[in-house]
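A single chain comes next, written as structure tokens; it is the form predicted on its own.
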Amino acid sequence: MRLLFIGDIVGRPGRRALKENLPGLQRELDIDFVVANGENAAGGNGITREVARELLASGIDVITMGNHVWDHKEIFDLIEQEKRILRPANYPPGVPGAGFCVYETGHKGRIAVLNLAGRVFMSELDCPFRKADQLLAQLEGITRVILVDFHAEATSEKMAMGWYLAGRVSAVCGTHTHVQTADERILPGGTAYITDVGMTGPRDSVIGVKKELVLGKFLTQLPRRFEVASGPYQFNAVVIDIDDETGEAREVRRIQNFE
């Protein structure tokens, strides 16, 4: 199975980058399944029904989320209705939506996608490590092809999750920081790992935000309403080749496309 994981899609520039890059990559690389983090897809914060429909129509099979998942009130109903949108599984019990799901890919079999959020410099959710244990126990005997989107701030916490799940899942892909890291590798046991897949959004920005607004915040320490930057985009992703039978990753490579 060949999987494409797209880094955090930010606003309109990110959605444009998706439309202009994904169809060609699907054809050229013979992609079987596409996952993207969409928690910044609607104006830089959260996702709406209209934007979710746009992303799915563009060729994404599953949209993962993160700490901005609840920024638009319509998500509360949407995430219950649309099983192709996941929120972090380590939210407390009773929260709308699901944090993992198993999807059919056709002749390549099933894939499980898990969405987890970190806790270092983030909201105090339930333990993502213990939640991963619980979810993997539920998936036993269902599929060996398992992708984890770990939406976290701290590099150390992401690396720890990679080692914790090494040999237990097919891939651990970090999201949230919007800066693609150059540490992609296959961990022992056949787990593809990268600390952060990066950002699909405006390149001439500060992690997707208009740079003058961020600079003003740093220089004055006064409140600023952040807005998504415009201009040329970047498209960040990783391609992962996974053995259908064993669930072990064979190769992981980064993609950086620029407008």
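Please read these numbers as outputs of a predicted model, since none were measured by experiment. From 1 onward, residues are counted along the sequence shown.
The form predicted in complex with another copy of the chain is left out here; the points below concern that form.
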property	result
Listed residue (125, 101, 78, 136) with a non-hydrogen atom within 4.5 angstroms of another copy of the chain in the model of the complex	125
In the model of the complex, segment of 141-149, 108-116, 78-86, 128-136 with a heavy atom within 4.5 Å of another copy of the chain	128-136
Contact of residue 74 with another copy of the chain in the model of the complex (heavy atom, 4.5 Å)	no
Residue 30, heavy atom within 4.5 angstroms of another copy of the chain in the model of the complex	no
Residue 2: touches another copy of the chain in the model of the complex, heavy atom cutoff 4.5 angstroms	no
Residue contact check: residue 211 to another copy of the chain in the model of the complex, 4.5 Å heavy atom	yes
Residues from 164-186 in contact with another copy of the chain (non-hydrogen atom within 4.5 Å) in the model of the complex	164, 177, 179, 180, 181, 182, 183, 185
